[in-house]
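Heads up, the chain below is alone and in the form predicted alone; it's given as structure tokens.
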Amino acid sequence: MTWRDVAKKEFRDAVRARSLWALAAVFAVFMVATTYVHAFVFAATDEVEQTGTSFVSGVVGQGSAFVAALVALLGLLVGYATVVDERDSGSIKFLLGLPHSRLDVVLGKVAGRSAVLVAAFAVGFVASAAFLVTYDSPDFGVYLGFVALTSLLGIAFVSTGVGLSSAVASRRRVTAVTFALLFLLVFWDTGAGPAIVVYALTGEFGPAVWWYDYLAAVFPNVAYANVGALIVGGDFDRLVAYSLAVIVAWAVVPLAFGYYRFRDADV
């Protein structure tokens, strides 16, 4: 038995518990509402061109903070209790009694929970695309790029959540750490966090140093907007490459740390 068996079990459990349907409903409502507002409210003015590219540009531009916050919330909620709940209940001993290594457990939970989140996203994206066909130019290529980027961001947060769940031994602690991280993500996205760091290091306010944009993109919500600019026609520059690397790092580093802690933990 391998990590694939763990992943299948995680997905089946999510379907039976209806958590998949709840996530799908939340994201579908968000996507349909966002597309509707763009199609029938903003497009009611002569200044807004009704195209798929303008829609994606608005979502990953002006709306990136809200989109990233929602994806972070859903991704962390999907992943943050996966391992620690099994440790609390004692079922982790049964799981590890099967021919699974601890690495199989961690990877399987990431894969299974990521599949749950991506499936929920797919429902929302399909519902949004039904409105998108009414646009003057749907630009489905751009839209698919937006779908892929948002899914990657969601997987990064699921992986972070599973990493936290693997590293912490109690549900109370992992809940506190998860919501502290969510608060920090939202706070950083306002620009206040990077500004405070720059002021502490240089005595200057705001983006007064060349590395400000790189500092701001340390968290994946800002990095998401930077990569999103590429999808709608921007240039692939150092900041975009760095931002893409940041999103991937958030999918890998917390998970590696969580596994390192879980590997030697007494369960």
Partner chain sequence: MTAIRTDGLTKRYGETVAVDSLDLRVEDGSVFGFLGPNGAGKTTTIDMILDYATPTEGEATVFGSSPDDVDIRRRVGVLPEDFGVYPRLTGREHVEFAVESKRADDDPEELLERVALEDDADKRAGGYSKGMRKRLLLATALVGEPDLLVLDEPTSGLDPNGARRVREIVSEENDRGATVFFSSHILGQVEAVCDTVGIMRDGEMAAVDSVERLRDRLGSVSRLTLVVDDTEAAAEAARGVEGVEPTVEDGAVVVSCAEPRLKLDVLDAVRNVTRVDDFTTTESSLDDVFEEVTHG
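Computed from a predicted structure; not experimentally measured. In this text, rigid core is short for the largest set of C-alphas that superpose within 1.5 Å between two forms. Positions refer to the first chain, counted from 1.
Beyond what is shown, the protein has a form predicted together with the partner chain; the following relates to that form.
Proximity to the partner chain in the predicted complex, taken as a non-hydrogen atom within 4.5 angstroms, holds for one residue of Thr190, Thr134, Ser170, Ser91, which is Ser91. Partner contact region in the predicted complex: 99-107, out of 192-200, 136-144, 159-167, 99-107, criterion any non-hydrogen atom within 4.5 Å of the partner chain. Mapping the unseen interface onto this chain, Lys8 counts among the residues with a heavy atom inside 4.5 Å of the partner chain in the predicted complex. Though the partner is left out of this view, Val118 does not reach within 4.5 Å of the partner chain in the predicted complex, counting heavy atoms only.
Although the partner is absent here, Leu23 lies well away from the partner chain in the predicted complex, with no heavy atom inside 4.5 Å. Looking at Val246, you'd find every heavy atom of it more than 4.5 angstroms from the partner chain in the predicted complex.
Comparing the forms between this form and the one not shown on their rigid core, the Cα displacement of Leu255 stays under 2 Å. Superposition of the core reveals a Cα shift of 2 Å or more for Leu20 between this form and the one not shown.
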